[in-house]
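Take a look at this one chain, the form predicted alone, written out in structure tokens.
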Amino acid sequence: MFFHIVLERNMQLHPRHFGPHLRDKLVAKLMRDVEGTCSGRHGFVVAITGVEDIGKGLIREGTGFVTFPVKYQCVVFRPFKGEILEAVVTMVNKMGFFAEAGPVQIFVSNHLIPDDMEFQSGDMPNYTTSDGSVKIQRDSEVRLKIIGTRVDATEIFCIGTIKDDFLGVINDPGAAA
């Protein structure tokens, strides 16, 4: 799920950046440092949409660096238990498969794959139905349901299932060949 929230961060800036473009330098540094990161509390920061306020700088003794409190708006991505996502399969093995939905990696165990699908090893490992009509392999697009999440300080891990109605393969790259 995506959210638009306001966050705050203290930014340090070297004195060589002081001048008429100070604000631009601070915003550029903020985008470099924050976009693409993950905090366990808020989720993955997708993009900064605006800077609300830049406070008064505080000079750090001995270094000359100045610390500015910056309040900014951003879009974050945080997956929740029970959420339905579309993801791309990145790896398939006999234990299940890994898929990615944006920055989050989701593991689907072979116990959470429908019973009619069997693991096929070989040069392109996959899960295939007995009649061969549906195949889950690397680069397949799947619709899955998140059944569990684990949040660390800098990463979010998810467990998913495709063993439910309207879940499973959306697009199979092998079918086009």
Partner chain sequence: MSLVADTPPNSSSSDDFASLLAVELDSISSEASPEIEVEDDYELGPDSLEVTSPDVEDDHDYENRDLPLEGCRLSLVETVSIGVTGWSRHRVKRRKVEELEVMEKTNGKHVEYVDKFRLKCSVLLLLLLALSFVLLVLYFAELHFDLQLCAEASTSNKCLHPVVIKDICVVCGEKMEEASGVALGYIHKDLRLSKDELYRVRNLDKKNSLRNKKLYLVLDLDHTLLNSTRFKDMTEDEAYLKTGADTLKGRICSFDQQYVLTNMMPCGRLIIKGEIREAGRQTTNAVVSRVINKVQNLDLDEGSLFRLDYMQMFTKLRPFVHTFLKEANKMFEMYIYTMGEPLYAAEMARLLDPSGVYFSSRVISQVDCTQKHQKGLDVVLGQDSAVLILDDTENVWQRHRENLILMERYHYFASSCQQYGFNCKSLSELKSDERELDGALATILHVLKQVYSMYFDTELGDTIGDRDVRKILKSIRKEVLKGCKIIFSRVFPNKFPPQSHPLWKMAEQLGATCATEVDEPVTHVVAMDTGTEKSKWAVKQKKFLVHPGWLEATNYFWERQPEENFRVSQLKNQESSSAPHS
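Predicted model, so just to flag it, every value in this text is computed and none were measured. Positions refer to the first chain, counted from 1.
Keep in mind that the form predicted in complex with its partner chain is not shown, yet the notes after this line are about it.
- For the three residues Ser109, Leu112 and Gly122, a heavy atom within 4.5 Å of its partner chain turns up in the predicted complex in every case.
- With the partner left out here, its partner chain still marks one of 65-73, 122-130, 22-30, 43-51 in the predicted complex; by a 4.5 Å heavy atom cut-off that stretch is 122-130.
- With a 4.5 Å cutoff on heavy atoms, Leu13 does not count as touching its partner chain in the predicted complex; it lies far away.
- At a distance threshold of 4.5 angstroms between non-hydrogen atoms, Thr90 is out of contact with its partner chain in the predicted complex.
- In the predicted complex, its partner chain lies farther than 4.5 Å from every heavy atom of Glu61.
- In the predicted complex, its partner chain sits within 4.5 Å of a heavy atom belonging to Glu155.
- Along 33-58, no residue reaches a heavy atom to within 4.5 Å of its partner chain in the predicted complex.
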